[in-house]
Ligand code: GCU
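Here you get one chain, nothing else, as C-alpha cells; it is the form predicted on its own.
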C-alpha cells in the first residue's frame, strides 16, 4: 500500500512537471538557479543499478553541483518502465533505465539484443556491449523518438523460475503461463519453447505469482531475492536463454542543451554508472544465489540448454532476413562468440 501511495504521489508530481514543460515553465527548476535532474528506474535501493546511479549523482554534483541537483527515484516511483520512457521522451524527466526488450517497441534495432542465445558466454556479451561499433547504431536509433541511450547496464543471464516444478526440459514449459517482458521477440521465444507468454510490467509479477495468475517467470537471480519472487517460486532453472542489457536513456532535449564541457563531464558520469553497476552486479548475484538457496529454499537446476537453443535459433535467421541492416552487427557479435566461447563445464 505504501509503495502505491508513494508512486501515486510521484506520478502526480511528474504530471505537474509535464504540464510545466508544456506551458513553458520547465520541469527542472528548484529554489535558486539549480536545475533538478530526475532519474527513474524500477529496482530497489539495494540493487546494483540504484547504487550505480547514486555514484552518478555524487559525481555530477561534485563536478557541477553549483548548477545541477540530481535526484534518483527507485522502485517505479515515477511509473512503470514504459511510462518512464514516455516521460523521458517528453523531457518531463531527464533519464530513466529501461529494459532492452521494452526499447524494441521504439526501435527495431533493439530487436537484435533481445534474440535468445545471441551470446554464447558472458565474456562475449560484455565484449560486444563494450564495442561502440556494435552498440552505437542501436543506441542512436531512437533519436527521432526523443531519447538516446547513454550507457548499458548488466542484467545478467535470464533463466526460468517456476512455482510448482523445475524446468528441466523444453517439454516442461508446455502449458505453463510464463511472464515475459513486453516485446514481440520474447513472446515469440515462449511460443517456440511451448510455453504461454504472459507479458506484463515487472511490478505486477510478484502478486501474479502469488495469485497463480502465472506459473512462473524468467529473469536473473536478483529477482528471487531483491523482488521477493523466491518466496513464491522454489525452482530456478539455468536455461540461459538471454543476456539482455538494461539501458540508461536520456532525454534529447536535456542532452542537447548541455555545453561541450558539461557533456564531457556527463559522459564521464555515464562511464562511471557502467563501471560501478557491473562491479556491484557480480557481488549481488553471488549474494542472491546464497540467500535464495539458504533462506528462501530455492532449488537451482542446470538443464541441458542445447534443446532450448535449437528451438530458438530459427529466430536468428528470421530477424536477419527482416532487418538486413543488422547483419554486420550480428556478424561482429559472432566474432566475439568465437573469441570467447562458452565454458563447457
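The structure presented is a predicted model; accordingly, all values stated were derived computationally and were not measured. Residue numbers count along the first chain shown, from 1.
Below: the form predicted in complex with this ligand, not depicted.
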{"property": "The unique member of 202, 139, 235, 270 whose heavy atoms fall within 4.5 Å of this ligand in the model of the complex", "result": "202"}
{"property": "Sole residue of 151, 185, 99, 162 within 4.5 Å of this ligand in the model of the complex, by heavy atom", "result": "99"}
{"property": "4.5 Å heavy atom contact, residue 104 to this ligand in the model of the complex", "result": "no"}
{"property": "4.5 Å heavy atom contact, residue 241 and this ligand in the model of the complex", "result": "no"}
{"property": "Touches this ligand in the model of the complex: residue 251 (any heavy atom, 4.5 Å)", "result": "no"}
{"property": "Proximity of residue 124 to this ligand in the model of the complex, heavy atoms at 4.5 Å", "result": "no"}
{"property": "Triple contact flag 111, 192 and 309 to this ligand in the model of the complex, non-hydrogen atom at 4.5 angstroms", "result": "no"}
{"property": "Interface segment, criterion being heavy atoms within 4.5 Å of this ligand in the model of the complex, picked from 85-93, 139-147, 176-184, 255-263", "result": "176-184"}
{"property": "Residues within 4.5 Å of this ligand in the model of the complex, restricted to 151-172 and counted by heavy atom", "result": "155, 158"}
